[in-house]
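Next up: a single chain in structure tokens, the form predicted alone.
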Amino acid sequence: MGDQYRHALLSRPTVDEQGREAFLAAMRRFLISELYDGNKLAYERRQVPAFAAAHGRAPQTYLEVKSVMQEDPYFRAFSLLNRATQELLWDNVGESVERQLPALKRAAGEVPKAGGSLTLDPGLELPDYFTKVDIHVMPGSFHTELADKDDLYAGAVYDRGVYIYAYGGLGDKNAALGQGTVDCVRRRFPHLKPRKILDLGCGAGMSTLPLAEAWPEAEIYGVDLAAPMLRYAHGRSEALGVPVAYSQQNAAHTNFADGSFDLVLSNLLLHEIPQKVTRAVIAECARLLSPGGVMVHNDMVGWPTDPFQEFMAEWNAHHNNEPFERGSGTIDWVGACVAAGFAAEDVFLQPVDAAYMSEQLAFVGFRGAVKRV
């Protein structure tokens, strides 16, 4: 794992904290790159023969796979190590950020101004699906505030935590997801020159900034439900010299006018929300797009049908606190887009390598639609 880019709002670990971070990043890499595939070997060489001896056939559903794999010693060890590593990661980064929180808040107020903005809505009702689960096992999830004023704890934890979780695989600015979306749009729509771009569920803004690099003349907007994430995103963007207009809004119901944007996108938003909310987001995208505008979401593009791979995907969703992953992967995407007003022939689906987690997330990619002129 290389060094993360040291912008003004990034937490600075002590020597001890840095050592623990390096250990956890190495453990994550070891689990995913070295141990993950061993689960399939344990299944094929030990559990399939045992199941076949008892039932006269191989397991046919992911629940049957689960019934044997949850007792397999290799899988149990892998599962324990993976979950424990993730919990330790958040604990270590969380303590580090909490110790530095006053200094990080001061830094956010002192960074040179790049011309962006931040609009928060204290009266915004946060939906249950967002507040009832600690997504990614991150304590307090994205919305919890530790300080009485100007809290940005969740954003600071997420920026550093994701870098360690991905063992640097998202680049020194955690921008690989956003850059991948930019690359997808440029390849599919080389003549698109967006004047206004909206990033839905922008979080800490890590995937938002590549938009400004790709289209420097465009106005960039980002919306999210979580105030502490948006405060951090705004401060981080200003520190990096990228003006972005951030606002606290629900991606399914924004206050922007019809036809406001030429490009509306998201990165790993849809698998965090129920199917009915995804449909509302698609409809909102259709409303917000100008004629000829593009909607693209970097997220699930399917769900495994092989019983073993389905079991492993379900395991990841459960142990990573991702209750809506299956629904996101199995939604009728074309049907949802058509219901929102897009033409079926203007809908697209593009699987892609899932960067540092291709072994676990082979069903990630791009899906979207074009609004007819």
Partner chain sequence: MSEPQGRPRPRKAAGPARPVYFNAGDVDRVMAIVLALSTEVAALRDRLDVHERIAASGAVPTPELVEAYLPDDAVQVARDAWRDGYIRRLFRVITEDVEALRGEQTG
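Numbering follows the first chain given and starts at 1. On a predicted model such as this, the values are computed, not experimentally measured, just so you know.
Same protein, other form: the form predicted together with its partner chain, not shown, and the subject of what follows.
- Residue Y74 is the only one of W303, Y74, F256, F130 with a heavy atom lying within 4.5 Å of its partner chain in the predicted bound form.
- The single contact residue among L41, A344, A50, A339, judged by any heavy atom lying within 4.5 Å of its partner chain in the predicted bound form, is L41.
- Looking at 172 to 180, 256 to 264, 85 to 93, 148 to 156, the stretch with residues near its partner chain in the predicted bound form, meaning non-hydrogen atoms within 4.5 angstroms, turns out to be 85 to 93.
- By the criterion of a heavy atom within 4.5 Å, P351 is excluded from the residues contacting its partner chain in the predicted bound form.
- In the predicted bound form, its partner chain sits beyond 4.5 Å of every heavy atom of M69.
- Of the heavy atoms in E34, some are within 4.5 Å of its partner chain in the predicted bound form.
- Contact check for A317: every heavy atom lies farther than 4.5 Å from its partner chain in the predicted bound form.
- For a residue to qualify, one of its non-hydrogen atoms must sit within 4.5 Å of its partner chain in the predicted bound form; none of E310, R326 and I331 qualifies.
- Residues of 7 to 36 that come within 4.5 Å of its partner chain in the predicted bound form, judged by any heavy atom, are T14, V15, D16, G19, R20, A22, F23, L24, A26, M27, R29, F30, E34, L35 in sequence order.
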